[in-house]
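Given as structure tokens, the chain that follows is alone and in the form predicted alone.
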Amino acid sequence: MKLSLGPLLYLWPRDQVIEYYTRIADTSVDIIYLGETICSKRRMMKTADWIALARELSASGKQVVLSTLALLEAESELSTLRKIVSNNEFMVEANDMAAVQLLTGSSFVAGPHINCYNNNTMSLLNKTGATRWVMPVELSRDVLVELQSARPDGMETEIFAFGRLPLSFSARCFTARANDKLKDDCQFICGDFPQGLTIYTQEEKPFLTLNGIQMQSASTCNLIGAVNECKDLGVDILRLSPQPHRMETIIETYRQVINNELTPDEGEKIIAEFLSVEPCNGYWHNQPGMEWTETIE
């Protein structure tokens, strides 16, 4: 089983991004997804910068995939999408159907924002050119069993295993609105929140996380306790979402559980020590996503 590092979901300074991936290159992660998937206004890293970084990471032995926006709203965004699709060096992760259409006939990854909920959709994506699909985060292991039973030959399965869950997108910028700014004059306010802006219920419980036009869970999804289940179900790749702190430890803890050097329960305990928010794994167990079920060995 392989480990992937998903695309960076937050707005970090360019120098921090480059330094971050320089450190990640020394970890045991197998696949690294690069690119802006949230908001096209985040231009600290341009397409050329992502491709240059991809070349460096590829030279270090990592498989690199370029990710696309999940919500396209302007011709300029389509222009950037065309540049990514025609890069001729790296596989592309399609996060909307415009990308799927442009990638038809070439090998690509169907990202977690493509609504692949049944075998007919998976078969269609595979015929289009998809050789890997990322299960939508809201699906359960029971649905995965059904989808794996008729998975096309040569189609890899990737599961979002760690990080704040990406839940939805909107034409509005939630972070700008929460800070009394207009979307067209946001002043890149999302950069002030390197892990998103948490919002709370009236009872002061963390509820959701605002990340520009994206809504995320407030809790951190952690499926390290389900590693053995994923192996049994034929999952090929576990995706970890970039965090600003302790990412190397998270990667290596997952690697040790995959390699049976730690039990899933031991892995859970290690990661729980430095989570800044409560963990969740509800969707995996066919429960409300924010819930948590302890690992039973």
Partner chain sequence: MNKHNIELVCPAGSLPALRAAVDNGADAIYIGFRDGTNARNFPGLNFDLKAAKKGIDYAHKAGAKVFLALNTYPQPARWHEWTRAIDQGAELGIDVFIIADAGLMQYATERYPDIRRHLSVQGSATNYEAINFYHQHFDIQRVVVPRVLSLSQVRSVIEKSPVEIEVFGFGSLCVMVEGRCALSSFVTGESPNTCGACSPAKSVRWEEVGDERRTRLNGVLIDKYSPEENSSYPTLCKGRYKVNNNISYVMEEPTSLNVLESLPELIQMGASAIKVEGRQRSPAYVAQVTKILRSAIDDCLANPDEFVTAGKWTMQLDKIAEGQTHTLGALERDWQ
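Since this is a predicted model, take the numbers as computed values, not measurements. Numbering follows the first chain given and starts at 1.
The next section is about a form of this same protein that is not shown, the form predicted together with the partner chain.
Checking S170, Q187, S107, S86 against the partner chain in the predicted complex, a heavy atom within 4.5 Å turns up for just one residue: S170. Although the partner chain is omitted here, in the predicted complex all of E75, L124 and S217 have a heavy atom within 4.5 Å of it. Shown alone here, P288 lies within 4.5 Å of the partner chain in the predicted complex, counting heavy atoms only.
None of the heavy atoms of E156 is located within 4.5 Å of the partner chain in the predicted complex.
Heavy atoms of V235 never reach within 4.5 Å of the partner chain in the predicted complex, leaving it off the interface. Among residues of the shown chain, L262 is not one whose heavy atoms approach the partner chain to within 4.5 Å in the predicted complex.
In the predicted complex, the partner chain lies within 4.5 angstroms of at least one heavy atom of each of the following residues of 106-139: H113, N115, Y117, N118, N119, N120, T121, L124, T128, E138, L139, in sequence order.
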